[in-house]
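Just the one chain here, the form predicted on its own, laid out as structure tokens.
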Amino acid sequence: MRLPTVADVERRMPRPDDFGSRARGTALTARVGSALGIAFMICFLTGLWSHVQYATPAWLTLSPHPTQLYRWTQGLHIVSGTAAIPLLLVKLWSVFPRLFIRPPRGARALVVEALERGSIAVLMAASLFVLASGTLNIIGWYPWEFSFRRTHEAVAWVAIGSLLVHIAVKLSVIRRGLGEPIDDAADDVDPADVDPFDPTRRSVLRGALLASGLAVLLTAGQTVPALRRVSLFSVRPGDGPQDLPVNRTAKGAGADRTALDPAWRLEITAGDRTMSLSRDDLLAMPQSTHRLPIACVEGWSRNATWTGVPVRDLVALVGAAPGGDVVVRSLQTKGAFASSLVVGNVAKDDRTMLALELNGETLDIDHGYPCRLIAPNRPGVFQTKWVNRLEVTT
């Protein structure tokens, strides 16, 4: 039995001309790629804002205004990422035959070709990872050991960097493709040679945009309340105690027993000054009511009516001046984000409070009973639940 030679393999490998769909071509690829690039850029910038919220640079002071900013940006982040998935698949389909272009002759041409293909491979690998891991994060499934947030951010930088390189390399091709008509009826094509079941470029483009829009419509209900009834694949349609979803229960956080302990006290400290308050003490203080959102990086968000004691009133009890940073600590013993830092300009905002009631009812234990932090323009993981200690740091 004779082993196949390089020439045998060469003869059996398909060539770009073997993929005869009339829908493929630079006119389609450039248009789908442009839409995909816009979606990627929106997704990257809104994701970057979320990472700034998680790890704020020392030179940047975050503001509690506008109240809904984090909600809008993370909703847009998930929407643009979801919209990108069908566009990416169509883009890959449109350029698939180019994988079988034979390598050029000459060492210099081979190096250039290898670099171009390598950059495309990095772009595709990073894009697929970011979209796949982001989708799994939305549904709350983490089949890995690494930190999702840090890895997702690092690979997003790789994806956006390789995308910019790809655009720079292919700019002339993109311009030419956008200048070509999307209608693909050419004078030199015999109608008898056209497969009636082969889609046109226009129909593929319309299908890609329709699939992208449909994906958004079916999932955006977790961000846009008006779409709840039509978003069949919305992960968190609003289920949960007091009409608010729950990411982590009291039992899951290891706070289910201590949160219900009648001996619970809230400790407030500033330097050597300390005060201890029971829940009844908190209820006896002047209450503030505001409608504020809970907004999570997974994309879901809800507005709710919260009633409680402003943090600035609580830190004033220990003689702390308004405007100081406050560390909020929780009874939580399992999982991340058992404490959070409220910077001074947010802590002194009258809407930043330790909430005792949610939507006119006593706070449910899974929403943070006996009290929880709620503040405007803030990621949901930093709205600390089951609070038992406030520490004024400055």
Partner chain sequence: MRVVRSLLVLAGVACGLWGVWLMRDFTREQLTSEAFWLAGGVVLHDAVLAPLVVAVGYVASRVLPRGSRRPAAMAFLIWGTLTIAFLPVLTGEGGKADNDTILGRPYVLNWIVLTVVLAVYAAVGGRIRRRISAARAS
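Numbering follows the first chain given and starts at 1. Just so it is clear, the structure is predicted and the values come from calculations on it, not from any experiment.
There is also a form predicted in complex with the partner chain; it is not shown, and the following applies to it.
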property	result
Heavy atom within 4.5 Å of the partner chain in the predicted complex - the one residue of L277, A255, A126, L292 that qualifies	A126
Single option in A226, I101, L115, L214 placed near the partner chain in the predicted complex, where near means a heavy atom within 4.5 Å	L214
Close approach of I182 to the partner chain in the predicted complex, 4.5 Å, heavy atom	no
4.5 Å heavy atom contact, L266 and the partner chain in the predicted complex	no
Partner contact for T305 in the predicted complex: the partner chain, 4.5 angstroms, heavy atom	no
is_contact(G271, the partner chain) in the predicted complex, heavy atom dist at most 4.5 Å	no
Joint contact, L69, N359 and N377 to the partner chain in the predicted complex, by non-hydrogen atom at 4.5 Å	no
Among 101-109, 70-78, 118-126, 312-320, the region lying within 4.5 Å of the partner chain in the predicted complex by heavy atom distance	118-126
